[in-house]
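Here's a solo chain for you in structure tokens, the form predicted alone.
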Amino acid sequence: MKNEKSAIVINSIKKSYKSGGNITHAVNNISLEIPFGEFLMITGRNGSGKSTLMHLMALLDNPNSGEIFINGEKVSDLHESQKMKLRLESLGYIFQEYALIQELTALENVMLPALMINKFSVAKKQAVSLLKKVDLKDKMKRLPSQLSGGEQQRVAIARSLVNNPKIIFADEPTANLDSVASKHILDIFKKLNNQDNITIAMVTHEPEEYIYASRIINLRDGKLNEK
């Protein structure tokens, strides 16, 4: 399965872990196509393989076998340095724990991915614009410890967008937030998806969040079940 009109295509992906004499099939022969502009939610119980699947699609982990295509290009066989370049230039990431650098201000955290690919001339302007977009224009100079959990996650969203990716991966981005902050985050995602046509693949275990998705898939024991 390869479709140049799809943001992501995975063919027969497998990922297993060996512990002692036991083998756990975290992702077991999954094939999936994600069209451009889709808001996909990946669901399942703890241990179902949903985060592992997303990490494989996002090039944060390597499959034991299978193929991964991003924007029509086969990426599963790239060297690690090539994958790192692709991640920085074309993909955005948002994690449950925010993953902000505590010694940097909100503005500096957002600028960082742009600086890593030598976008020195536009990094600050782009970061300022994005922090305004996520309603943090008055908190750009604050450290993460001076921000609430919801505000830190909004900084992480702005950081994920600084290099203008067309695909964003979000691994349980609302898990540590209250219901008000969670809704704010999901409303931002929906706006990015609807207005900016950004493809979003998001892992969640919260059924009330399903209304934001254009498609939901469910994993059980490393295997795929469409909802």
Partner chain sequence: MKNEFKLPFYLAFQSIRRGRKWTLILTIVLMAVAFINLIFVSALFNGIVQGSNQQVINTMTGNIYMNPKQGTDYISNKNELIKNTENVNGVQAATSSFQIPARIEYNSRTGRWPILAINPTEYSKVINISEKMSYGKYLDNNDDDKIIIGRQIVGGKDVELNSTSLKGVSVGDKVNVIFDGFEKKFTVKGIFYTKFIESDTRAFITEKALKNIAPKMIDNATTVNVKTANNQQDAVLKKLQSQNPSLDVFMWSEAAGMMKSTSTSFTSINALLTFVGVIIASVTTFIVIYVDIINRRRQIGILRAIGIKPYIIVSSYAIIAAVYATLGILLGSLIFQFVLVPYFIANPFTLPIADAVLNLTWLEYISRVEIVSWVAVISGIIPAILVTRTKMLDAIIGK
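Residue numbers count along the first chain shown, from 1. What you see is a predicted model; the values in this text were computed from it and never measured.
Beyond the structure shown, there is the form predicted together with its partner chain, which is absent from this document and is the topic of what follows.
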is_contact(S76, its partner chain) in the model of the complex, heavy atom dist at most 4.5 Å: no
Does K133 reach its partner chain in the model of the complex, with heavy atoms at most 4.5 Å apart? no
L60, heavy atom within 4.5 angstroms of its partner chain in the model of the complex: yes
Please tell me whether any heavy atom belonging to L143 falls inside 4.5 Å of a heavy atom of its partner chain, as the geometry stands in the model of the complex. yes
Within 4.5 Å of its partner chain in the model of the complex, counting heavy atoms only, one of 197-205, 183-191, 66-74, 52-60 shows up; tell me which. 52-60
Mind listing which residues of 70-99 have a heavy atom within 4.5 Å of its partner chain in the model of the complex? E80, M84, R87, L88, F95, E97, A99
Compare the CA separation of D138 and S121 in the model of the complex with the one in the displayed structure, and answer closer or farther (the difference is at least 3 Å). closer
